[in-house]
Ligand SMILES: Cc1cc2nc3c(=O)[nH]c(=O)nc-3n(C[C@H](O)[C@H](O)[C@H](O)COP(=O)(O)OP(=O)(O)OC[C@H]3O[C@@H](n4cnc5c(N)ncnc54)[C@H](O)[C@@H]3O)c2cc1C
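Just the one chain here, laid out as structure tokens, in the form predicted alone.
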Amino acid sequence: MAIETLTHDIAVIGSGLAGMRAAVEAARVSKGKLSIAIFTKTHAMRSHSVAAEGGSAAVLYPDEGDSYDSHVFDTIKGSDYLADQDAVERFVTLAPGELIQLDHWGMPWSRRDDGKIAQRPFGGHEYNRATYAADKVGFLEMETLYSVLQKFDCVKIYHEWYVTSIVRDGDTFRGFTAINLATGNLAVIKAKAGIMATGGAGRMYGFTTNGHSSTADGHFVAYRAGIPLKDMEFIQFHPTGLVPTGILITEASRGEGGYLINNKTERFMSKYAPQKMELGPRDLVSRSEMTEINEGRGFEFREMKCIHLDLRHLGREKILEKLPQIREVTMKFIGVDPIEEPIPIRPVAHFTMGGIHTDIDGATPLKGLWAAGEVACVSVNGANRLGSNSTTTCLVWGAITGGLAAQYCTSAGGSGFPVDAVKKEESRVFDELLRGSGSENPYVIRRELQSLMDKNMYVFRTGEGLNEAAKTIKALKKRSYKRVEDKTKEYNTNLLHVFEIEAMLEVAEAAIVGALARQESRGAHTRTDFPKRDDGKWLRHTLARYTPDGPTLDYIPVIITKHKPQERKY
């Protein structure tokens, strides 16, 4: 079968905030002279970035008390001191310019009475710096960037293409292989530079805020190509996932004044974060909620234990103005009107703090390949991301990587293309998978994986549970993968799902093995058998490297510039 070959200067994989922002910047830097392609397995405007709700963090008003130093310290403290501090400093410095640039491009930010862009409080931040547009921030940011992209004839979007592998020649990036889902054909994408921007891995869990497309594809493609995954044991649990669906109830609900209530009608956060209350960092609030539930002070809704998020005291007018989407979601999915009743919630898998290992520029160890957004680990988030930093991080490193990729293309020379790697991938896709055989139902494997992660890699973890998870994931890997029931080529979602399941199994194993090895509690990684943070042994990043037999681990230091680790108190 003939394999189609596409040639572009820059190939961006992923069409969320980071991917779109990278493409825009590459087009701007190159003044439209480079051929830039975005490949996305969904339609571009269905990327999971559209689901971001509450805000994008930046210091917009230093004259009103906020400062870069404050945002830097809040982020480092929130990370439980695992963030690389030079990266945090760069992020904070560049963040305001990105949000103002969006404003100039037409982003409909909410406004204060004086006409300035509005900001609201978010957990772990000392000042109001979550810049918002009601509770639809991600969608409106995406819509703005998508509109800007239409101005550049040099950018082409390939909707519904699934990237299966990175093609490398020694230590240099040469392109990708991908399946055009509409035809089922495998294609080679030759490119001088690549940018991975495929988002998170939250669908490894059953109870998650993540859309069905967040299946660790980019993580695994890089991992299998020999690029390490960094800090994958750190999965963020958002404190307010709607029970029983897992749909995100934005932190803005608490930023606007919502209360967390137990079955004794207590605002229980007074016991855990007396200064910040409901606006403590997400790891602390999630642990507090699960402690209340585990000690019998929770509720039960549709057979799930939970606590209540109470917005009733905010009043109808404020809820309709500031949180209209939250009201719509709770009414539509569980029949609860937050104007009249509290919302049942519990911690939910939300954000992947770890990801593809990069340097401060978003560059991977493979020359010519960058990563940006949730799939990348720079690391700004460390062991716990502060709410509203994520969308801004996508914008900042989208711009950085897009600009650097464009500059690289001006000097990158051509070379031979490793044809053997493409033939090997063709055999894997069509012979091992599409025409492969096996007795296991891949959807059963996926459910078992998600149940395993929900049970053993949740808010509280134990050595016993992680050992069980490590053994079970190996067994799942042996059982899985060889069966695709649907043999058609066009829009073969069965084949797509088998690819996704393989990616989730391999990346979940890296997360589990990293969590088992890390014998401490730090940020979102809480070991009840090692309840204290141990800076002497574990103030370091985990690097997981792929082997067919499972990940091997090594470690690199955390970059500390100004802020020495100290006890976190809120």
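A quick note: this is a predicted structure, and the numbers were derived from the prediction, not measured. Each residue number is its position in the shown sequence, starting from 1.
Same protein, other form: the form predicted together with this ligand, not shown, and the subject of what follows.
- Within 4.5 Å of any heavy atom of this ligand in the predicted complex lies no heavy atom of Asn384.
- Interface membership of Tyr162, defined by any non-hydrogen atom within 4.5 Å of this ligand in the predicted complex, is confirmed.
- When this ligand is considered in the predicted complex, Ala197 lines it closely, a heavy atom lying within 4.5 Å.
- Using a 4.5 Å cutoff between non-hydrogen atoms, Ala371 does not count as a contact of this ligand in the predicted complex.
- Heavy atoms within 4.5 Å of this ligand in the predicted complex are found in one stretch of 52 to 60, 504 to 512, 22 to 30, 66 to 74, which is 52 to 60.
- Using a 4.5 angstroms heavy atom cutoff to this ligand in the predicted complex, none of Asn262, Met269 and Ile345 count as contacting.
- Note on contacts: among Gln119, Thr240, Ser388, Thr358, the single residue with a heavy atom within 4.5 Å of this ligand in the predicted complex is Ser388.
- For the options Glu233, Glu278, Glu289, Asp217, the residue carrying a heavy atom within 4.5 angstroms of this ligand in the predicted complex is Asp217.
- Residues Ile13, Gly14, Ser15, Gly16, Leu17, Ala18, Gly19 of 4 to 29 are found to place at least one heavy atom within 4.5 Å of this ligand in the predicted complex.
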